[in-house]
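Next up: just one chain, as structure tokens, the form predicted on its own.
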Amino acid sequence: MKVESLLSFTCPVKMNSGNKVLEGLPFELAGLNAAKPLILASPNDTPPKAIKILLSAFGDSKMTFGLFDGIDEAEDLGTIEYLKNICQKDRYDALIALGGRAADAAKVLNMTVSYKLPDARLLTAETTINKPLGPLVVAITAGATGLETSSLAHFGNRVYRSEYLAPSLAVIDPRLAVSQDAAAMACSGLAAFARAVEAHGAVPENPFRRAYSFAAIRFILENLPAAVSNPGNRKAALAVANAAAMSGCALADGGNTGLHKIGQAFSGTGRGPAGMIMAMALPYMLNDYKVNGGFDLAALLHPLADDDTFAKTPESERADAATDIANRFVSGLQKTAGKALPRTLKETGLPGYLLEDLLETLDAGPDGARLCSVARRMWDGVSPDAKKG
């Protein structure tokens, strides 16, 4: 293993996973010097049953809490300003986010409250976040993407980045992780898989990041098919939720990767969740990495295959072997899910004019030309190794 002489990795997220870990929330909050949390949830991606399960976890702890279940798709900073005033008026000293959309809102709210900003509507993507924020807990639910535990917050058309945005604690309880929606489970797992794959092959190598990405990839390979074929499988669903949480930690150090950018850009159109888009893009991105370099494809074979296969495969053949395994895994899930996991952007119903608008957005970044090339090939499903301007 080649390791840079100087490296760093920051992941402040503590993870509690397993049966009834929610019941430990009052104890964990007390350890964070918090006694009155505000719970955030979204009616669009959090079923009432999940909220009831979370609230029951406080039992006879005598801990008081508030609940706001109005986080919606509009993602308006006016809502954050409203919640900031509630936090100040009622003196809430911690935030609990139930689900992904609530996690993004909670990160932005945490920044607003912790920094005592006069008006949340003045926040921009360039707002400096350079000191610790208040206690934030994320409860991982079915449909998690991995961003819940990351140092990113997507809110409206803004992306906030800072290691201090990452939550203090992630709780992963099978009661919240199970879903009867096989397509949603597939998209959640594929988002985690894509993020972990790209984080694992990132250059320069970081062994701390790879510890998270390795585990996330193995969890997805071993459990996502079972979670999709039998969505009520609590063990498989819990493993997928753990993989999602770990992929977010890997992303925290890996930056705003290409797959992440494509997934967020196209999922924002409402044509499908990020995991579906990222799975569609993965073969193209891996092929581009193989052709253009700057990515350690060979290292991917270790988490994708068993230890013996990795050891017996000549180093010169590992990149091709890893690419083949990853592509076959994604293709297998797409076949299982059928129309729920389209294979081309055209199949999602995305209109051509909107594709051009999104290409302009992707092209604005430093790796825009490569990402636009990938997106164009995703449009009609041309071969990943085909060149298309």
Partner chain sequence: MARVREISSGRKPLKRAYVAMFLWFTGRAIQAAAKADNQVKSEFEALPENFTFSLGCLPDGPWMVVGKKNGVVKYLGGKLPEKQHVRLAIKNLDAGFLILSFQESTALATTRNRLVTDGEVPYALAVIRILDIVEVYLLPKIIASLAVKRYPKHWSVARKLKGRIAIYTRALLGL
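Residue numbers count along the first chain shown, from 1. Since we're looking at a predicted model, the values are computed, not measured.
Form predicted in complex with the partner chain: not shown, discussed below.
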For this chain shown on its own, do Tyr284, Asn287 and Val291 all sit within 4.5 Å of the partner chain in the model of the complex, going by heavy atoms? no
Answer key: of Gly66, Pro47, Gly349, Gly332, within 4.5 Å of the partner chain in the model of the complex (heavy atoms) is Gly66
The partner chain in the model of the complex has a heavy atom of only one listed residue within 4.5 Å, and of Leu83, Ala274, Ala153, Val228 that residue is Leu83
Note to self: When the contact criterion is heavy atoms within 4.5 Å, does Glu23 count as touching the partner chain in the model of the complex?
What the structure shows: yes
Exercise. Does the partner chain get within 4.5 angstroms of any non-hydrogen atom of Leu55 in the model of the complex?
Worked result: yes
**Item:** Heavy atom of Ser61 within 4.5 Å of the partner chain in the model of the complex
**Value:** yes
* Asked: Given that the partner is absent here, does Leu38 sit within 4.5 Å of the partner chain in the model of the complex, heavy atoms only?
  -> yes
The stretch from 332 to 340, 319 to 327, 23 to 31, 352 to 360 that lies within 4.5 Å of the partner chain in the model of the complex, judged by heavy atoms, is 23 to 31
